[in-house]
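Single chain ahead, written as structure tokens, the form predicted alone.
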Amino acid sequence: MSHDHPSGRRSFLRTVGVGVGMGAAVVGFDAGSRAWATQAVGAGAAPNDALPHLDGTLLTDPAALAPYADDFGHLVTGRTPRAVLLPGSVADICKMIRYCGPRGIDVAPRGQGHQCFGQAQVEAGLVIDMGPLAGIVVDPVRRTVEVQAGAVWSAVLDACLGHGLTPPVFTDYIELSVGGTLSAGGLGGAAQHHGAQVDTVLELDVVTGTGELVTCSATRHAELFDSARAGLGQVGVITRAVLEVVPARAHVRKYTLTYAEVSALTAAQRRVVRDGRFDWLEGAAAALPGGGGWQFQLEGAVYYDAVAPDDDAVIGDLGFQGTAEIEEFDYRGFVDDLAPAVAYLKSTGEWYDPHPWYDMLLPDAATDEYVAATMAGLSVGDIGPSGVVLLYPIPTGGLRTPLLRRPEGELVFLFAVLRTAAPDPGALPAAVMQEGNRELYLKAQAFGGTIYPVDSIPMSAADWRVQYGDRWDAFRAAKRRFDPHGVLTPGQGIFRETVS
């Protein structure tokens, strides 16, 4: 496997050598300066703090480290790592965590860097770039796919489609790493039928905070399995996952239906999520022309092979306004239908603006009132020119992963205000958007809402305890057991005072 990295990378072994003879030099961690340093070694002497032999590469050059001090959110800066590991093997990850843990060196795995609030950043620590570990093996007989954590979901999709199969659940954007979404949860429009991506996991390989590689599942090392899935990197680094796959259909018909009120949208969504007529179901808010408020859209899709769905049978009873928008896709094109929009945003530069995102799971009973009040108080300027608002229901029966926290009840709604802070004069600053996120969060928390943790909501230690509720003590115990040095993924701020 190959991976494209900055041209200035240097092989650790080529740079420092493996011998310990006269005049040899090694790289080690200086506890006094808390920096990686080259140390001279005399004849016959063994360095006390030399790094282990690695199959991959350790980046220490400031220019190579700079990208790892930033992420998709562009909200947290200054957390520059001292080194970045490009692992040549899972053994490299084990060795480096064993090295870092006793020395109190923070460690964070990083996939595609799509976090919004510095979650995969570490100040003066070690970032593990999971990208080089991207192997994918499909087993069409068992209907499983074995994936290394650095693989992106688009590559997994392509590998599976070669066998007529597909993962059952995708996030809207599929250029994310498998390890990254499994650490957060992985929600999308097919979650109504299959749960989150973490609920489709059969087995994981996890390197714990002691550097031990453990294979775990629901029946084998179950505590680790339940603490790593949606565990935000707190108990270990996911390096491999075995996932369920299902037969892929050839075609997709997508329907977009418009409603004037939040309550009309959610009434239609509740109806269709309970009868299961759509294979994929989401929803959104769109600005009315002229800035006069919002309209609301149900987005539903039916997968099929030879026989197309009867449109009237699918949407005729859903009471929408105007004319339905109906689109046809091949299956892959539908799963990756954000690609043209992403390409456009990259071409304009908006993709690289700050992203103060707000993501919540709301209890069904409170959704209509809360979302209506929130949207009445938001303008296009409050979410940014390329901001997006999502709203769709998920039955809780499929959300079986303990650490993917969700409100009580049979149905919850994902409500996401995905803001973009444009750098234009007069535009709302990112910091003000984050203050707004915090206010919205506290209102939702008061009636049992939980964050979907891909956001940029400032959280206190008390907030994290509320988030995990009756799972808090078990999660904290797992942290102490599997990360006894407390070095893994500090950017999440869960077991520290605050996220800043």
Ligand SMILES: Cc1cc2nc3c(=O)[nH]c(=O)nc-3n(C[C@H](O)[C@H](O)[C@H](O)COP(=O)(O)OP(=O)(O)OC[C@H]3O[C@@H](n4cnc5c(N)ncnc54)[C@H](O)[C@@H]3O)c2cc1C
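Note that the coordinates shown come from a computational prediction; the quantities given were computed from them, not determined experimentally. Residue positions are given as counts along the sequence shown, with the first one as 1.
The same protein also has a form predicted together with the ligand, omitted here; what follows describes it.
**Student:** Classify residue 356 as contacting or not contacting the ligand in the model of the complex by the rule of any non-hydrogen atom within 4.5 angstroms, answering yes or no.
**Tutor:** No - in the model of the complex, heavy atoms of residue 356 and the ligand never come within 4.5 Å of each other.
**Student:** Consider residue 59 of the chain shown here, and say whether it contacts the ligand in the model of the complex, taking contact as heavy atoms within 4.5 Å.
**Tutor:** No - in the model of the complex, heavy atoms of residue 59 and the ligand never come within 4.5 Å of each other.
**Student:** May I ask you to check whether residue 177 falls inside a 4.5 Å heavy atom distance of the ligand in the model of the complex?
**Tutor:** Judged by the heavy-atom cut-off of 4.5 Å, residue 177 is in contact with the ligand in the model of the complex.
**Student:** Answer yes if any heavy atom of residue 172 is within 4.5 Å of a heavy atom of the ligand in the model of the complex; otherwise answer no.
**Tutor:** Taking the distances in the model of the complex, the answer for residue 172 is yes, it comes within 4.5 Å of the ligand.
**Student:** So which of 210 to 218, 138 to 146, 114 to 122, 293 to 301 is the stretch with heavy atoms within 4.5 Å of the ligand in the model of the complex?
**Tutor:** Answer to the contact question: 114 to 122.
**Student:** Report the residue, out of 315, 230, 238, 100, that has at least one non-hydrogen atom within 4.5 angstroms of the ligand in the model of the complex.
**Tutor:** Residue within 4.5 Å of the partner: 238.
**Student:** Check each of 255, 351, 320, 331 and return the one that places a heavy atom within 4.5 angstroms of the ligand in the model of the complex.
**Tutor:** The option sitting close enough to the partner is 351.
**Student:** Within 4.5 Å of the ligand in the model of the complex, counting any non-hydrogen atom, which residues from 433 to 456 show up?
**Tutor:** If the 4.5 Å heavy-atom criterion is applied to the ligand in the model of the complex, 433 to 456 yields 452, 454.
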